[in-house]
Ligand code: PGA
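Next up: a single chain in structure tokens, the form predicted on its own.
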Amino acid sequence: MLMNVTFRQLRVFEAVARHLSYTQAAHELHLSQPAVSMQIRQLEENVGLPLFEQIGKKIYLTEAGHEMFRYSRSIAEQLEEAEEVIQQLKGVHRGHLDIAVASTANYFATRLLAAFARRYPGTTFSLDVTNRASLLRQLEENARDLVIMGKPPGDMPLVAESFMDNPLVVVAPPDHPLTREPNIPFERLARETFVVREAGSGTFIAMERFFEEHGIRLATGMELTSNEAIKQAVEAGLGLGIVSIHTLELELEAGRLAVLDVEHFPILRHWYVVHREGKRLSPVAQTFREFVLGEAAGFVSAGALGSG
């Protein structure tokens, strides 16, 4: 027996499920709270199972609610995709792009988006700048059109395409004694203290693996959650740092940090544009993917790359 469910009911349900609040959903949809409650009640009657349960003053999704939420999001995405396809068939270059990028990638991601918007002025964007753990969660939930990140995990069904090198370099304050030494032996780093990114970050994972491969134990004095914090700590003399060359343009130009000439460096990583396997990209997402693969490197400072 088919459920007699309307798109309106699904739209209201999706908003309530996302916010876990009738009040916030009503505000978002410009409806009264009784109207939202009525749509949810009718949907539950059609489904034949409760979709929410209330414990104290909070509401939670039931098992059936979680399933319905997954399908309602998928249906909404397909409707948005259909609208964008139709608009493109009409010759209208427009659409909404929903992407997430690693915090390190944000140093060039905004340039990419600005250039893309100039070429396709009808496009709009949602940009989430976040850490690796959040990116992996969003990929698992298929919550974004595209993700820009470092090396993706091998145990998720993903399509990941490399589009640019991401060299990791050792940085120090400009007055550090090692800034005057050429071809510093790798073993010399064992006598230095490093300020590092959090353990789950892509930079930390790559750095730890690199040191282990060369038989050096990394001495860490401070763990920080952003590249800006790392650079500021290095400037303050709290230790050496290892960061992407793409984050250093302003500091190198201003002479606030120096890249050390260390044996075996840089650690060469890559940037990837990623989406879930089997995901049908909307026209604007597919166009942005092709733009990134073909032109991203041209929007990264040649000066910063040359410093690595």
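In case it trips you up, residue 1 is the first one in the sequence shown, and so on. The structure presented is a predicted model; accordingly, all values stated were derived computationally and were not measured.
The same protein also has a form predicted together with the ligand, omitted here; what follows describes it.
- With a 4.5 Å cutoff on heavy atoms, Ala102 counts as touching the ligand in the model of the complex.
- Mapping the unseen interface onto this chain, Gln138 falls outside it, with no heavy atom inside 4.5 Å of the ligand in the model of the complex.
- Under a 4.5 angstroms non-hydrogen atom cutoff, the ligand in the model of the complex lacks Arg144 among its neighbouring residues.
- Residue contact check for Arg276: none of its heavy atoms lie within 4.5 Å of the ligand in the model of the complex.
- Heavy atoms within 4.5 Å of the ligand in the model of the complex belong, among the stretches 255 to 263, 23 to 31, 52 to 60, 268 to 276, to residues of 268 to 276.
- Taking the partner from elsewhere, every residue among Arg132, Gly150 and Arg197 has a non-hydrogen atom within 4.5 angstroms of the ligand in the model of the complex.
- Of the residues in 166 to 194, only Asn166 comes within 4.5 Å of the ligand in the model of the complex through at least one heavy atom.
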